[in-house]
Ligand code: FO1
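Starting off, we have a lone chain in the form predicted on its own, written out as C-alpha cells.
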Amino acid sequence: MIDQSRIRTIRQGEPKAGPVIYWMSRDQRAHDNWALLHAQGIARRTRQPLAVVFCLVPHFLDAAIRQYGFMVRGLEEVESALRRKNIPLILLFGDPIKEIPRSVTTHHAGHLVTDFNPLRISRSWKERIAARIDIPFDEVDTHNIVPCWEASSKLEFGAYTIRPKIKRLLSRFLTEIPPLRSEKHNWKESFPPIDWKGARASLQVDSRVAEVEWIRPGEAAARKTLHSFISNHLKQFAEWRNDPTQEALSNLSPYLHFGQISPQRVALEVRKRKQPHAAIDAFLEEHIVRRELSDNFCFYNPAYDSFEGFPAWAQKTLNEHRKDKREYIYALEQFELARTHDPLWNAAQTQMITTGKMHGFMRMYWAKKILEWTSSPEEALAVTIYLNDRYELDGRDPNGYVGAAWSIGGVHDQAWGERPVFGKVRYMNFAGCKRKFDVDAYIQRYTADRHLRGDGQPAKGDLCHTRRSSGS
C-alpha cells in the first residue's frame, strides 16, 4: 500500500507486542497521510491498537497566537475525524524530547512512527527521542510527493538540477492515496475528549500578534479552498501569479505548512481538471519542484538560515560589498511597524502584519530591500526570518527560509550584474515592480488608513519619518 522508499528507520530496535503510536507533528491531518497509514498498517499486522499523539510545545521559534490558534483549531478537527475511525488523539504538553518517550513508556508502545521535517529543531528532537526509547522508530515523508531522500541524495544547485530527478520519479509516487480505515482493536483505557480551551490557555506565546479571520483552519476548509482555487483562479495562475493586485494564487500555503492538506492530494486534484496546460504546468512547477527544492535545501544544508548557508559566490560578493554606503538604515522596530520611506515596502509589511500572508512576489521585493537597508547581510537575514516567522501563518517553514536565502544570499539563483550593497546578488527595485503590476493599487489596498500601532494592529495616523545613514 505504501512505497517503502517513503519510510526511513530512525531506530531499529526489537519489535515488541504493544500499541502503535503515530507522533503527528508536521502533517496535521487524518486523511491522505502516509505516516498515519504506515502506522495503521503496522497496527493491523500486529493486531495492536493505534493512537495518534501530538505534543503541544509551549513555544516554537517565533510563532505567536496567530499561528498557534490556527494550528490548535485544525487539530480539534483532526481529533473528531480520528474518533470517527476509532483512533484516539492524545494531546501532550511540553518538550517532545521528554513527553514522547514518556508516552511510549506509559502506553507500553511497541512501535513509534512520525512524519518528516527537514528543520534542525525537528531532527534534533527525533535523534534525542530515539536515544531514549527501545522500540522501532520510523519516519515517513508524507509532506513531499517524491520523498526528500529519494528525489536527491545531495544538496541541489537549483530547480534546473532537481526538476529532472523529480519528474523521473513522479509517476511512481504521484499515485492515489488509500483511505484511512476504522480501527477494530480497542484500547483497554478510555480517552476522554480533549479540553481544547485548556490547551489554548496553557500556551506561552505572544498574544499581541492576533489571529486572522479571512482564513479558516482545518482539513475541510483546506479542501474547500483547493476546489475554489481550481474552479475560479487556476486558469489565470500562469499569467497573473506575480501580480499582487490579482486573485490568482491558491492561498493554500498556511494549510500546506501545517499539513492540513496533503501536497499530493493538491497535485492529484489539479491534474484532474480541464484547465489550460500552461496554468497547470506553472502551478505544479511551484507546488512540486520549487516546494520540494526547499525541503532539499534545509535537509542537506544545516546552515539553511545563516550566512554560511549561502553559496560561495554569494558569500564572496556580499563580503566584498560589506562597507558599501547604504542610503537608508532601519532598526528592527521601524521595519516591524512599516516605517520606511518606501510606500510599496510598507504596504507589503502591512499586508503581512494584518493578514498573516504576503503575496509571494512581494516577499522577494520585501526581503531584498531589507538587505539594502541594514548594516550587513547577517542582520538582513535575521530581520527577514524574524518578521516572516512572527507574522506569517506559513512562517517557520523550509519555503520561508529558502525564500529569505534566495533574496539575500543568491541561493538557487545565479550571479547578476554587480552593484553596491548587493554585489552580484539579484537586485529588485520599485521601478521594476511598476512595470509588472499596478503598484498604486497595491499600496492603496494595504496602507490607506491601516497604519500600525506598536502592538502590530491596524491604526490610523501618519508613519514616522525614517533615519538616514551615511553608510554602514
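All residue numbers refer to positions in the sequence shown, first residue = 1. What you are looking at is a predicted structure, and each value in this text was computed from that prediction instead of being measured.
There is another form of the same protein, the form predicted together with this ligand; it is not shown, and what comes next is about it.
A residue is said to contact a partner when one of its heavy atoms sits within 4.5 Å of a partner heavy atom; Asp397 meets this definition for this ligand in the predicted complex.
Contact annotation: Leu174 falls outside 4.5 Å of this ligand in the predicted complex, judged by heavy atom distances. In the predicted complex, this ligand lies farther than 4.5 Å from every heavy atom of Tyr446. Remark: Leu268 does not count among the residues lining this ligand in the predicted complex, judged by a heavy atom distance of 4.5 Å or less.
The single contact residue among Ile42, Val57, Ile65, Ala30, judged by any heavy atom lying within 4.5 Å of this ligand in the predicted complex, is Val57. Comment: this ligand is not present in this chain, but in the predicted complex one of Ile135, Leu119, Ile97, Ala81 has a heavy atom within 4.5 Å of it, namely Leu119. Proximity to this ligand in the predicted complex, taken as heavy atoms within 4.5 Å, picks out 68-76 from the listed stretches 310-318, 82-90, 324-332, 68-76. For the partner-free chain shown, nothing in 213-249 comes within 4.5 angstroms of this ligand in the predicted complex, judged by any non-hydrogen atom.
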